[in-house]
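We begin with a single chain expressed as structure tokens, specifically the form predicted on its own.
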Amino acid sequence: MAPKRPSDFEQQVLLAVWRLEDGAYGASVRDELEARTGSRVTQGAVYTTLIRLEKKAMLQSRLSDPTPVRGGRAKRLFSITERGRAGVLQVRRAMNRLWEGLPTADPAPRESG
């Protein structure tokens, strides 16, 4: 049975983690999403999605060494798994098929008449 396709927001989180490579933790993922999408994203939504994707085996995590500042804490670093890459690539292929044959430029808005 094929794994369930990730939702739109799960895809965005997976792609942000993939892009960030070894530096993907909650706040960096949120910052990447906001920078790339131009939309505000809550930290809670990011953390909830990171944990859900880890339970689906699309991400894996590990604890970093504590930060060097006094009282520094370890960060939970995430990385995309082969299953996560396969999930976003599956969605991309499906979207590419849907776009085939459509004009590439945004059409001018139609005036209601």
Partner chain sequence: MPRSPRIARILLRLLLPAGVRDGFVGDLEERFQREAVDDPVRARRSYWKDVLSPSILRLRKEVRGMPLPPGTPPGSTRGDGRMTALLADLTFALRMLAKAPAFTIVAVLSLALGIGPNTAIFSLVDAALLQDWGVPEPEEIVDVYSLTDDGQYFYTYYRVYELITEGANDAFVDVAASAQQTGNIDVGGEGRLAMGELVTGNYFDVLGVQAAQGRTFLPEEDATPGTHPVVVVSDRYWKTRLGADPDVVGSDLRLNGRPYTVIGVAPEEFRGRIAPGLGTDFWAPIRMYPHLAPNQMTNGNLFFMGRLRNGVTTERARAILDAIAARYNEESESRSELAIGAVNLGEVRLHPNFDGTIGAMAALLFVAVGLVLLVACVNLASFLLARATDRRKEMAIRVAMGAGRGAILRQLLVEALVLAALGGLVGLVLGMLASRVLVGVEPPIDLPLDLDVGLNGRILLFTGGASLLAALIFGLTPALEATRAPVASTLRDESGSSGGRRKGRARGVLVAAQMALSTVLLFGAALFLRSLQAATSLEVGFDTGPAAVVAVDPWASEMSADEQEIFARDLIRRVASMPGVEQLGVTSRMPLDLGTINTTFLIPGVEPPPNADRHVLEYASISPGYLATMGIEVVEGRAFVDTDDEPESAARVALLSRAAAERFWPGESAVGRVMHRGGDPERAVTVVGVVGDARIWSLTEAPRPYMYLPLSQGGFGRYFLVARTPMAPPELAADIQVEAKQLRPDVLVSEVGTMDDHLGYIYFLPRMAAAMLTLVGILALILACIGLYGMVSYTVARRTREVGIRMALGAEGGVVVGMVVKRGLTVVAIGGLLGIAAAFVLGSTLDRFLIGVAGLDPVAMLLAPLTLFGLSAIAAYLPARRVSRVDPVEALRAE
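This one's a predicted model, so the numbers in the text were calculated from it and none came from an experiment. Numbering follows the first chain given and starts at 1.
Beyond what is shown, the protein has a form predicted in complex with the partner chain; the following relates to that form.
Interface membership of Gln43, defined by any non-hydrogen atom within 4.5 Å of the partner chain in the predicted complex, is confirmed. At least one heavy atom of Gly71 is located within 4.5 Å of the partner chain in the predicted complex. In the predicted complex, the partner chain stays beyond 4.5 Å of every heavy atom belonging to Ser79. Not displayed here, the partner chain is approached by Thr48 to within 4.5 Å at the level of heavy atoms in the predicted complex. Not one of Arg92, Glu100 and Leu102 is positioned with any heavy atom within 4.5 Å of the partner chain in the predicted complex. Within 4.5 angstroms of the partner chain in the predicted complex, the stretch 47 to 64 places a non-hydrogen atom from each of Tyr47, Thr48, Ile51, Arg52, Glu54, Lys55, Ser61, Arg62, Leu63, taken in sequence order.
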